[in-house]
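Shown here is one chain on its own, the form predicted on its own, set out as structure tokens.
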């Protein structure tokens, strides 16, 4: 009985002339009534299978010859070295169709549909996302995404961080009320979480070094290439740490992700048109620091209308990062531009001890973080000066009443990091089923 292998096992060249079994889906097929060339794909690659009448019985030949694109099949045959496309092919001796495609409704993701998208995504492809996932481009994106998630886990666990989960139903905002998703909750108002942060700070005195990877929700109607209403957040919190230490972790994490992609996904990145040397540069370089004031001056020198005290939206970040060769930290935003939990700078309280990490190539912010307002007196002052009601944050204030310590953390948008490092035109390309202001299906 032939042993079953992945196609990727065959392509590495260790099964010459061996009789093997392969399982997969029909990528394309051509031929005559005497010989058929069926390109089989699985998650590890694709391989041409040669089906000759006489070498297989008539029932097998007719079944495999009639298999439409994306039919699932199982074939057995001998591995033959060839100088054609894949380096190897399978001379089929037997096989069968496992899951047929109805000829009345053939697989809709055609070459013409892909050509129309031209590396992006049309509404048609989004409507058929459940099928578009099977394309080679999306397969590469999902593998890159998996490596990024794994690199995040490895970075924190290798440094003795504890993974910790927070609730998704919350009573108050973290990033401003305008982007809260309100949901009915047994006669009360509740919201989908914008961030794990406030509940992470509650666990900080217990665990000291903690992190999570979890979805966050922002009711943003923005339709830029970098916004989703549901996105994946990698967040961390450390006790006894300030803004500088948090930045060091953010830089090291991004460099570690880039290095993991170079080591594990060079083929996928190259096939997507990415320059591997550039990704390696992101892994090797130190990330410069720039204060908010300098960023405002730079933007003004480029003719951008911006006043001191304004936050930097994506349009301004995009201009600012056009000259960056590596990510840059933007630090010390004005107090008036950031939420109450950012700690005022003791040396100049009109600024806060915070940072954003801006990615080059026009991708903008991928990390936001800083030192937290950690004393009861300061947190009450900050909440009151914003006019924020205290009641939803009583538990958060309470943390400061019982042994508060300096601490800080950051949040990283994983989907944005995937988009940047893969060179995606739109953040939707990096997530299996994107959610934005216009789409909640499939």
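Not measured: the values here are computed from a predicted model. Residue numbers count along the first chain shown, from 1.
Beyond what is shown, the protein has a form predicted together with a small molecule; the following relates to that form.
Under a 4.5 angstroms non-hydrogen atom cutoff, the small molecule in the predicted bound form lacks residue 56 among its neighbouring residues. Proximity of residue 416 to the small molecule in the predicted bound form falls within the 4.5 Å heavy atom cutoff. For the chain shown alone, residue 343 is not a contact residue for the small molecule in the predicted bound form, no non-hydrogen atom being within 4.5 angstroms. The small molecule in the predicted bound form comes within 4.5 Å of no heavy atom belonging to residue 404. This chain lacks the partner; the member of 228, 353, 359, 279 within 4.5 angstroms of the small molecule in the predicted bound form by a non-hydrogen atom is 228. The listed set 174, 312, 247, 320 contains one residue whose heavy atoms approach the small molecule in the predicted bound form to within 4.5 Å, identified as 174.
Look at 384 to 392, 58 to 66, 408 to 416, 41 to 49: in the predicted bound form, residues with non-hydrogen atoms within 4.5 angstroms of the small molecule sit in 408 to 416.
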